[in-house]
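One chain follows as structure tokens, the form predicted alone.
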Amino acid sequence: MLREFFLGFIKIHILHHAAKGPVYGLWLIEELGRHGYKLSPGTLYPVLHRLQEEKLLKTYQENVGGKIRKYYRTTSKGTRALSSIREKILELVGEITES
């Protein structure tokens, strides 16, 4: 059950960072690791592909040091979803932190 919750949090983190600027797989693994999530590429990339299939992320590729790196950015749909998610998170945090 916790895994399902954490996958939701991970998706939100990805959308948040991809809305701020282009992100790529290894950077996301390291960034999410700073938040306590231990992700392997085998876990992260299916999540990225799913977000892309849902039209929440778009990709482009660049040659970096002779290697092709895939970057992810939010789409307009992803940005709208993130805005809605933020509202729900603030509402939830308010409820669960009430004394």
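Start at 1 and count along the sequence shown; that's the residue number. What you see is a predicted model; the values in this text were computed from it and never measured.
This protein has a second form, the form predicted together with another copy of the chain, left out of what is shown; the following refers to that one.
Remark: residue 28 does not count among the residues lining another copy of the chain in the predicted complex, judged by a heavy atom distance of 4.5 Å or less. Taking the partner from elsewhere, residue 36 is found to have a heavy atom lying within 4.5 Å of another copy of the chain in the predicted complex.
In the predicted complex, another copy of the chain stays beyond 4.5 Å of every heavy atom belonging to residue 62. Within 4.5 Å of some heavy atom of another copy of the chain in the predicted complex lies at least one heavy atom of residue 15. Of all the residues from 43-80, those having a non-hydrogen atom no more than 4.5 Å from another copy of the chain in the predicted complex are 50, 51, 54, 56, 77.
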